[in-house]
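Below, in structure tokens: the form predicted on its own, a single chain.
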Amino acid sequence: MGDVSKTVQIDGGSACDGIVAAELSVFHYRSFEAFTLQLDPGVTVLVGHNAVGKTNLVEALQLLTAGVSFRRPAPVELLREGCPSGRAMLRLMGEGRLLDHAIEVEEGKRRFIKNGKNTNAAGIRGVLPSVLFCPDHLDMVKRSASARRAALDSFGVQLNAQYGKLLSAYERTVEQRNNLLKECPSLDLLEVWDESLARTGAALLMHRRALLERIRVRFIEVYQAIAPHEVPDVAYQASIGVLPDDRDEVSELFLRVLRERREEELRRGLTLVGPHRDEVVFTIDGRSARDFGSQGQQRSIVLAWKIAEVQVTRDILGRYPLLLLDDVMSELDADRRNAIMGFIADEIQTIITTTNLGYFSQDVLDRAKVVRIGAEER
């Protein structure tokens, strides 16, 4: 395994040059009654036994930067047991600004608040994007295609508001078209929906493909720093076939394939082609990483993907995201742990949860802010 800290170069300044997360406060949130966490602009390590609430704090940080949680909870699940309401707030500082993001849960509903005004998840995104790496992500390569599509889309919506709008519009169109297919509609009506699906789907496909190509360049660079003797790649595999470069041509191709599959779709009551059926394919030395990759290779792919997300955020937005590493150190071997720590150095604001400080070198601990999370803090 190569020395990623020496071979992957990061351009630009430190996290302090942009917006950083300064303070997280939670009240009646998950396992916490009330707790305030001061965050270092560099590395903050949250250490404690399992089930003391470390992941709950990471989830709050993700909610207040990305507008979503990897757990996908119902609003009531965010509340401390027995409490009718709760709140989490994140103070952001930098670039001459002071911003407050909050999420409140009451009466089974949640609402986002930005600087004292109600907003939605989209209104939270983009100020300080976040990249989360947790143990569940280590299975991304071998899981179903939906996991890889979700990884691409969840990253895309943080970088581009239009991406999120297109994704939502496409998903609604698929749902409505599926309902229509079950009703044996007239062909004229179905044709109208086909055209809408093809138009929206083509726009989404162009965004996805462009984003994946940006990630691909960084992904290959990082992976080869981790494993210099292997040749990785990642490609988008559209269910409608090889994609033309022109969006109108993509829409025409989509529409043609829908017509070819119409009889089968009517029989099954489902939309069988489109971005919701596409695949993101990882290969190593030209062979499918899902079918032939070792566990170590698959984990290196996910690690390289996450680091690539951080770099692409910098490439597109001109600043680094907040990097959230939730208990991944225990799941990685020493070489891959060193690869992560060598990469983040002091340039990326990073929150790490762990049960064992032994996973970190003394140099890392000397530079980091270490916060012990235990039963007394909850």
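As the structure is a computational prediction, the values presented were derived from the model and not from experiment. Position 1 is the first residue in the sequence shown; the rest follow in order.
If you look for the form predicted together with a small molecule, you will not find it shown, but the lines that follow are about it.
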(Q) Looking at 306 to 314, 35 to 43, 335 to 343, 53 to 61, which stretch has residues with any non-hydrogen atom within 4.5 Å of the small molecule in the predicted complex? (A) 53 to 61
(Q) Contact with the small molecule in the predicted complex for Leu255, defined as at least one heavy atom pair within 4.5 Å: yes or no? (A) no
Q) Does at least one non-hydrogen atom of Glu249 fall within 4.5 angstroms of the small molecule in the predicted complex? A) no
Q.
Taking the small molecule as it sits in the predicted complex, is Glu175 near enough to touch it, meaning that at least one heavy atom pair lies within 4.5 angstroms?
A. no
Q.
Test of understanding: in the predicted complex, would Thr355 fall inside 4.5 Å of the small molecule by heavy atoms?
A. yes
Q.
Just to confirm, with a 4.5 Å cut-off on non-hydrogen atoms, which of Lys165, Arg91, His276, Arg80 contacts the small molecule in the predicted complex?
A. Arg80
**Q.** Interface residue in the predicted complex among Arg111, Arg259, Arg71, Lys114, criterion: non-hydrogen atom within 4.5 angstroms of the small molecule
**A.** Arg71
